[in-house]
Structure formats: structure tokens, C-alpha cells
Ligand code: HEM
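In C-alpha cells, the next block holds one chain alone, the form predicted on its own.
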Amino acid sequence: MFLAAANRDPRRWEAPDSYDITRRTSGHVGYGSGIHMCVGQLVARLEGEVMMAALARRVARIEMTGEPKRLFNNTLRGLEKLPVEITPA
């Protein structure tokens, strides 16, 4: 499986390259599945939930201030640079 393409199949996901906080995540393969699942996925999910909750309490707005710069990698999709401006709550 090519991880950079995970969860970006337009036959399965509407607007797969757009971030949608309301998207139902059932069926995504970000942490693998079955015997190949990531053993740390519960910790990673908890960390993400705690971080997002803390951010939501302290930040009123996050705005992009420039073009993101992709980090090219053969297995994962990521960003080298994402310029943002954070407005405190």
C-alpha cells in the first residue's frame, strides 16, 4: 500500500484532498488495520484529541499567511513549511 495515497481515493472520499472536520473517518487506513495496525494508534489518537482541545480553548483563529511548501517523500505526504498566523482567544 502506498501510504501517501491513503484516504485520498475519490471513489471512497468526497473531496479527499480537503480537510473536513465533520468527515466521518470510519474506514480510513491512517493507522493500518487488522494484524498490521499500529500498536500506538490509541496513544496517538489521544494525543491528537488532547492537543486539539487545548488549541481550541486558546486560539480564536488560525489563518494561512502564505503558500504551503510540500515535503516530498516516497511514502508519506507532509509539509516542509506551512506559514500561519494564530489569533489568541
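Each residue number is its position in the shown sequence, starting from 1. What you see is a predicted model, and the numbers here were worked out from it, not measured in a lab.
The form predicted in complex with this ligand exists for this protein as well; it is not shown, and the discussion that follows is about that form.
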- The listed residue (60, 37, 46, 52) that reaches within 4.5 Å of this ligand in the predicted complex by any heavy atom is 37
- Do residue 27 and this ligand come within 4.5 Å of each other in the predicted complex, heavy atoms counted? no
